[in-house]
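Starting off, we have a lone chain in the form predicted on its own, written out as structure tokens.
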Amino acid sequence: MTTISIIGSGNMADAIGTRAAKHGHTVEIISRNPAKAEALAQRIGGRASVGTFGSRPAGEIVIVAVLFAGAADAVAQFGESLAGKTLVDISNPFNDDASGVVTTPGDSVSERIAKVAPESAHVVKAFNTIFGGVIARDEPLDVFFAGDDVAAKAEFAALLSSMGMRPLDAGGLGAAHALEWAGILLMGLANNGAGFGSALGVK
């Protein structure tokens, strides 16, 4: 099984970490708030542990589960300790009323992260089109993802498959902006009758 590291200790970190642990993976929680990280690791149980913010993560796959405004800054603070890692950006850069995104084509949060990450790190956009509660149900679901590095995407797709998810490759990292807009689509559907237990998928 795989060791994954999660930067962040909020609801999405909880949902992803718990599901990963249920499927036999080792989870490391990293947060600026060590107490929150410890509480989440205890809640996840199993082989969950706590890492140190800014130090080299134990996992080869690192989930960046922080609010979009601080995502690139958080990655920058880790610096070369992220060399060679696959960084998974799950953020949604919504505007104030979630009617649109604050990013533009070529300037998605994922691409901002790629600019400050070590050259040998590879960024993948994923999970931003799924509500945390849906992930936590541990049922089969589709996960759209995008990234430029073939090997990193294959490694991430294998992780998704092992967690009972169907990986759906949306293309290169340039598609991250489209996925950010897909997050807006999901919010619109949820707010207009579909509910927050709904999920996007492909048939």
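These numbers were taken from a predicted model, which means no experiment stands behind them. The first residue of the shown sequence is 1; numbering continues from there.
Although not depicted, the form predicted in complex with another copy of the chain is the subject of the following passage.
Query raised in the report: Just one of 60, 148, 142, 138 has a heavy atom within 4.5 angstroms of another copy of the chain in the model of the complex, so which one?
Result: Comparing distances to another copy of the chain in the model of the complex, the residue within 4.5 Å is 142.
Requested in this report: Using a 4.5 Å heavy atom cut-off, state whether residue 24 contacts another copy of the chain in the model of the complex.
Outcome: Heavy-atom contact with another copy of the chain at 4.5 Å: absent for residue 24.
Query - Partner contact for residue 178 in the model of the complex: another copy of the chain, 4.5 angstroms, heavy atom - result: So residue 178 counts as contacting another copy of the chain.
**Report entry** Heavy atom of residue 171 within 4.5 Å of another copy of the chain in the model of the complex
**Finding:** Although another copy of the chain is absent here, residue 171 would touch it in the model of the complex, with heavy atoms inside 4.5 Å.
Report task. Classify residue 47 as contacting or not contacting another copy of the chain in the model of the complex by the rule of any non-hydrogen atom within 4.5 angstroms, answering yes or no. Result -> No, residue 47 is distant from the partner.
Query raised in the report: Is every one of 71, 90 and 115 in contact with another copy of the chain in the model of the complex, taking contact as a heavy atom within 4.5 Å?
Result: None of them does, since no heavy atom lies within 4.5 Å of the partner.
Report task. Select, from the options 50-58, 163-171, 63-71, 31-39, the stretch whose residues sit within 4.5 angstroms of another copy of the chain in the model of the complex by heavy atom distance. Result -> Of the options, only 163-171 has residues within 4.5 Å of the partner.
Query raised in the report: Who in 3-39 is close to another copy of the chain in the model of the complex, meaning a heavy atom within 4.5 Å?
Result: Residues within 4.5 Å: none.
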